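Below you'll find only one chain, the form predicted alone, shown as structure tokens.
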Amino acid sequence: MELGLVGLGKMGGNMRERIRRAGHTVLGYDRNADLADVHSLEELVGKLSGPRVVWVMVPAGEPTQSTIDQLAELLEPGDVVVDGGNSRWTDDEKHAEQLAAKGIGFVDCGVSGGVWGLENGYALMYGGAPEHVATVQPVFDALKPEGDFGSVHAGKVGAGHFAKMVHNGIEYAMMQAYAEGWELLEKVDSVTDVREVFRSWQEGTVIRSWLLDLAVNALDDDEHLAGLRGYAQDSGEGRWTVEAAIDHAVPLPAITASLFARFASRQEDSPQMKMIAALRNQFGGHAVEKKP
């Protein structure tokens, strides 16, 4: 099938390549002309055959809203827009309503996989009407990991981004646990090789995971993370997870504490946040702050 892809950054560019490897045609647009196949949204839409599918991979908030506004004027009834960025689920309902007034379908899709997705596949959580999901299904199948798992039609519009938000909240708490354990091990005199302790956990233990593998990768690069500043950003989804928990009276002590720990990282050079920063760089290519 044909796909229009808007946004060719770290995620979008690799997604374009993976979809092409599956035999589909992808036309990509990005404000960086060096990355783009076409040089405007108008050109993108004009070169796609109907019914068109346009996948948006731009930052949440105003960039996404602006792109949706433009596509609402360019696309035709029967076309479908997919928001694969990290938009808040409440925005999805507004976008779906805006596009439905023009006869255009909307699917929201949470995407996980970071810089490793090109080779390993992307975990996909999508929400929307079954007929709109069916239109996009060949692209979902191209992006997902091999095997029976790795993608889910999570429910109605907004369900995909809500599921991805909770996924990221859990990710916050898991990274925080590894970071706290690493700092405690580093603190005591009796443990002389913390990196190898972490490596030993990769097989046979109940805490083995991809995040643990990435922690070992980071420690192989810099055994004591001495070159990193203990500062970690939050993407916004951790905050949204905690806010949703408050709205629904669901206790999330571990996820909430992990979010607050990131806030603490901005007040001092936190050893735990060195590990959080290193993990975020390993799985998502997120920037780290080096010590001067």
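Keep in mind that this is a model prediction, so the values were computed, not measured. So that there is no doubt, residue numbering starts at 1 and follows the sequence shown.
What follows is about the form predicted together with a small molecule, which we do not show.
Though the small molecule is absent from this view, in the model of the complex it lies within 4.5 Å of a heavy atom of just one residue from 111, 71, 142, 219, which is 111.
A heavy atom within 4.5 Å of the small molecule in the model of the complex is found for one listed residue only; from 167, 102, 199, 156, this is 167.
Candidate site formed by 95, 162 and 241: none of these residues places a non-hydrogen atom within 4.5 angstroms of the small molecule in the model of the complex. In short, of 45 to 53, 227 to 235, 60 to 68, 248 to 256 it is 227 to 235 that has heavy atoms within 4.5 Å of the small molecule in the model of the complex. Contact annotation: residue 86 falls within 4.5 Å of the small molecule in the model of the complex, judged by heavy atom distances. By the criterion of a heavy atom within 4.5 Å, residue 171 is counted among the residues contacting the small molecule in the model of the complex.
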